[in-house]
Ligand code: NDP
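Only one chain is given next, in structure tokens, and it is the form predicted on its own.
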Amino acid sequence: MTVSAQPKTSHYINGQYVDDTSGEEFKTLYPATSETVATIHAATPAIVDQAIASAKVAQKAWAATPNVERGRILIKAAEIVRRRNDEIARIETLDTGKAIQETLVVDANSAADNLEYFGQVAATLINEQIPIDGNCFAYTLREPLGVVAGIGAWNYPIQVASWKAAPSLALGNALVFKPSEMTPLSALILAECLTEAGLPDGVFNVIQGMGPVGAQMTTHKDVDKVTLTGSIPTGAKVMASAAESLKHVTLELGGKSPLIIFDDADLDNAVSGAILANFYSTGQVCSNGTRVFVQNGIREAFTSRLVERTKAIKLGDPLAPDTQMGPMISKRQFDIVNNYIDKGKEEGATLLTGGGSPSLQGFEQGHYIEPTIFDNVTDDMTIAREEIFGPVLSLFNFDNEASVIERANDTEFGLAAGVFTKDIAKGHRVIAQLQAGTTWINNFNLTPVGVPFGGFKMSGIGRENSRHALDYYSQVKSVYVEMGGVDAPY
């Protein structure tokens, strides 16, 4: 089986593939075997300048394009992405190690949904007319920001790229996007799809690289906004560098989200929610509900069923249709997660299942970790405080509603939260008190494009998806119109 997916070149600028082989060479590896999928060159400073200059030139004409026409192009791009779904799914699996049964239904489809949604929204963009009195009125104009620098994450590569591209392009901005160096490939396919759909050259550009490339983007004088999906330390650096020139910033960062299971919850639904909140995508999801609080009355039955179903999760070849969980993205992330598992044991948590690093036949070089459940976790343990970003679930018990709300909020993070209960009034009441930007009642980790996504506290600034995203990729101009005389006091 070949795992090669070498792109034509490393970067996509002004509607075509370009490269500069003097840029630092790096490889993207298949996490299941550690084989090389592609060899990429990081963008040199000249490549970064070229991409931003291309975007700056193209943006003016794109902003002048009628909203309806911009929308048509995004909708057509969505159709092309869906047509290439199987190809994109395979590349996402090779790049991330996620099971093909996930990437076939989530990754490209999510990107297409986003392009389609904002393509439709583009045609409905309107300005306000504000009456003042008989002699004057005012109106507003929603205008693009200009050139947007986007920096992506490695867990959902094409989804994150589209979450930034679709609202940005719908509003008339141009975008220079840098995917994670661990997953550089699918953003290039997105660029191809947009070009095929009729997007003018230079409006969407892809450049590759590590931290120095991102740093050049965020400090560049011709960049008007920076949007990042990543870790809190990276977000802090981006915000600090963008502050020097007061660039607009959107940050979607990490989480340590609570999932609260009340006694009256449907048992199987609650277990399903906990599994989705911890083990989907090998646990590498920023919104994961890794702190699972279970009320005492249901705790024994919930724990028994959760362990039973978790033990049945099938690890294996990510490209095999029956594999349910693939490996960690990299050896580095594999080591990080294993260190947290060791820390959980050292600090006294009870390991109920998992915790091992199996060597699978034919995939001995893969970075596999068993889905892991810790019980008897206390709120001060390391695994209860820090984001692990792997398949590690921590169980906590609680007696009453007031205490669990206080404990759930006792974190620097505020990305997501969930509640399972048959008492819908209680569900709404608890959710209203949880300090998180994205929440669910009786489900977890669903992110439809029409619903805003983002965090409170250290989990980020701004919102992605939905019409709320428009506020973060545009600026509003007020126009006051006088139709009468003008009096002056002197």
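The shown structure was predicted, so the numbers you read here are calculated from the model rather than taken from an experiment. Quick note: we count residues from 1 along the sequence shown, nothing fancier.
Although not depicted, the form predicted together with the ligand is the subject of the following passage.
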{"property": "Partner-facing stretch of 372 to 380, 177 to 185, 112 to 120, 345 to 353, counted where any non-hydrogen atom is within 4.5 angstroms of the ligand in the model of the complex", "result": "177 to 185"}
{"property": "Non-hydrogen atom contact residue 229 with the ligand in the model of the complex at 4.5 angstroms", "result": "yes"}
{"property": "Distance check, residue 191 to the ligand in the model of the complex, heavy atom within 4.5 Å", "result": "no"}
{"property": "Non-hydrogen atom contact residue 234 with the ligand in the model of the complex at 4.5 angstroms", "result": "yes"}
{"property": "Exercise: residue 252 in contact with the ligand in the model of the complex, heavy atom 4.5 Å", "result": "yes"}
{"property": "In the model of the complex, the one of 80, 210, 319, 275 near the ligand [non-hydrogen atom within 4.5 angstroms]", "result": "210"}
{"property": "Answer option from 214, 391, 258, 327, heavy atom within 4.5 Å of the ligand in the model of the complex", "result": "214"}
{"property": "Residues of 145 to 164 having any heavy atom within 4.5 Å of the ligand in the model of the complex, listed in sequence order", "result": "151, 152, 153, 154, 155"}
